[in-house]
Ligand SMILES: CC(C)(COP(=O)(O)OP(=O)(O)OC[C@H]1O[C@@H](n2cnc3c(N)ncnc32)[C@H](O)[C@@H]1OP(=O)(O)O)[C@@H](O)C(=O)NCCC(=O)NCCS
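Listed next as structure tokens is one chain, alone, in the form predicted on its own.
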């Protein structure tokens, strides 16, 4: 049975990452980076760097992993907005990022990761989640749109790859029904 068939027939387990997950987490992340079309990230990560990242997550941050057949096939990170460390006025905003192994995309793994992240976000009193998505990443735009994210703006030529510029769309999702 191939990996894609396994994703359909096997149970997907979502859990928080632990430092010993660093090597497979780096493998998933790096596989997406090396595709050079779905993320602004261009430099790959070592297992040690990922271990340090996981160990360094603050109490209001989490990395969730998706396991299929004891193999990590997806990761999602949710953490406070970068400005939250400098001001109380941004404590309600989280950012999110998702990376799924190419062989396991399209099987609701991202949605399962997002459900865990949104539940975590609510327990940490986040009211809004935001993300930046490359404008030509139609797959991610559809994924986040299906999760209820709305596009709120565009940054022109925000990402510069070696041979081209890319616009970035800003998306947000409110976790509360109040304004």
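Since the model is a prediction, treat every value here as computed from it, not as a measurement. Positions refer to the first chain, counted from 1.
FYI, the form predicted together with the ligand isn't displayed, but the following is about it.
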None of 143, 45, 118, 53 but one has a heavy atom within 4.5 Å of the ligand in the predicted bound form; the exception is 143
Heavy atom within 4.5 Å of the ligand in the predicted bound form: which of 26, 133, 65, 62? 133
Verify the contact flag for residue 137: yes if a non-hydrogen atom of it lies within 4.5 Å of a non-hydrogen atom of the ligand in the predicted bound form, no if not. yes
Taking the ligand as it sits in the predicted bound form, is residue 106 in contact with it (heavy atom to heavy atom, 4.5 Å or less)? yes
Does any heavy atom of residue 129 come within 4.5 Å of a heavy atom of the ligand in the predicted bound form? no
Can you tell me whether residue 122 touches the ligand? I mean in the predicted bound form, with a 4.5 angstroms heavy atom cut-off. no
